[in-house]
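Consider the single chain below, provided in structure tokens and representing the form predicted on its own.
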Amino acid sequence: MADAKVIPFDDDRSRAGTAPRPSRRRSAGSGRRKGESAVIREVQPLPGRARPQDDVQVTRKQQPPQEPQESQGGPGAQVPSSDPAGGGAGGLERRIAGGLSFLRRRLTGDYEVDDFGFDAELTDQVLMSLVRPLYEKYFRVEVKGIENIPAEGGALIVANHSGTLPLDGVMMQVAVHDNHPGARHLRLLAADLVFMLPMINELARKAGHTLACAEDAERLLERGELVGVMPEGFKGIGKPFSDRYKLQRFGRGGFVSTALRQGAPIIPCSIVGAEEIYPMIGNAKTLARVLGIPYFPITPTFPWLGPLGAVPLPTKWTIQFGEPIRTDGYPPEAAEDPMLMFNLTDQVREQIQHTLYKLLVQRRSVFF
């Protein structure tokens, strides 16, 4: 039989200007084209055999050939599920398998930690998941200017610091990781006190924090990492509520010297919303000296409400990353020029302060 052109089942009626073909009666010995409508024909009994009980036979329309389905494990494959949200049995099984695989790697030690103690897998799978509800649902962080963070290579992100407790640094980490197209990790430079506290020390190292010193910062930038620094330090997070959104002194400009040595861009970052989570109306300095901490905050809820006073207020946050300030055009000896460091430090500080005022004017309310 000659090769027949395959015409899909429904196409013969959808062709423009072509009327549907009438069914034709064909002889028993002739073949039938693919896609042709069903016909009813008589079946002639074979010699020596009894006639079938039904003297007619129905030949069905031939369905167009179906493409083979992708395997469920292939790229882009979807697992059938009765759950319209895609969280059915297949998704649950994958999550369970992933969790068991994660536990196996943790128990057998089959995971990587860099020489600073940073554990990328633990950060992505556990630590980020713990703080993400606070970031998304409680503070409802809005991120602007994420395109100013380079896709690769080292960069120094400089931000204001506030809030009595350093939650702003953690929220900035989540903002970079969850909004940047490359899901980059932000390596924060932390004060000595962070690494003196039990358990906090270990968690900070696992999350990628390191000591706020020029040596560690330069090593990270040389590796092409994103480094975050908050030059106000304890002066920023421990300032009274009456001084909110007024930047404190940025130190001696050590972060500028570090960026100049590595030729890394400086990205100013302004955070609005953190100042109001613990309105600090007083400071018990004597108690702070006894405990060996920079300040002992007194807020409208702490210590009066006990542990409940440590719950932050659900303020609305905005984090904006400004345009980078390039440093790769300066000669190597520029890192030793005190006037240049002073000018660049002042430029970064003024840009952050200006953006803070701009964001404060734009926001409708502290909580919305």
Partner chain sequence: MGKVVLVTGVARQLGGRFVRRIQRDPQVDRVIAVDAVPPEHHLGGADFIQADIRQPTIARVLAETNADTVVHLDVTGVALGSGSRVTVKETNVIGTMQLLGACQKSPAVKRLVVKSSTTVYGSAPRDPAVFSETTSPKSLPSGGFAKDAVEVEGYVRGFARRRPDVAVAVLRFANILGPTADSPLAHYFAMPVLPTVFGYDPRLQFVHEDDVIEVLRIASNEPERGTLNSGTFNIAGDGVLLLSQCSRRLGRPTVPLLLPAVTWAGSLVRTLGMTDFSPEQIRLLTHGRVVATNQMRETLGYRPKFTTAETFEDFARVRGPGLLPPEAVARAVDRIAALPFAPFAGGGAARAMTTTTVTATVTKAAEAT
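Residue numbers count along the first chain shown, from 1. In this text the structure is predicted, and so the values were computed from the model without any measurement.
Below: the form predicted in complex with its partner chain, not depicted.
is_contact(G117, its partner chain) in the predicted bound form, heavy atom dist at most 4.5 Å: Heavy-atom contact with its partner chain at 4.5 Å: present for G117.
Its partner chain contact at F195 in the predicted bound form, heavy atom, 4.5 Å: Because a heavy atom of F195 falls inside 4.5 Å of its partner chain in the predicted bound form, the answer is yes.
4.5 Å heavy atom contact, Y111 to its partner chain in the predicted bound form: Heavy-atom contact with its partner chain at 4.5 Å: present for Y111.
4.5 Å heavy atom contact, E136 to its partner chain in the predicted bound form: No.
Within 4.5 Å of its partner chain in the predicted bound form, all of I96, L122 and L211 (non-hydrogen atom): Yes.
Answer option from R249, K285, R106, R132, heavy atom within 4.5 Å of its partner chain in the predicted bound form: Selected option: R106.
The single option of R205, K239, H185, H180 touching its partner chain in the predicted bound form, heavy atom within 4.5 Å: Exactly one listed residue reaches within 4.5 Å, namely R205.
Stretch from 161-169, 215-223, 254-262, 239-247 whose residues place a heavy atom within 4.5 Å of its partner chain in the predicted bound form: Within 4.5 Å of the partner lies stretch 215-223.
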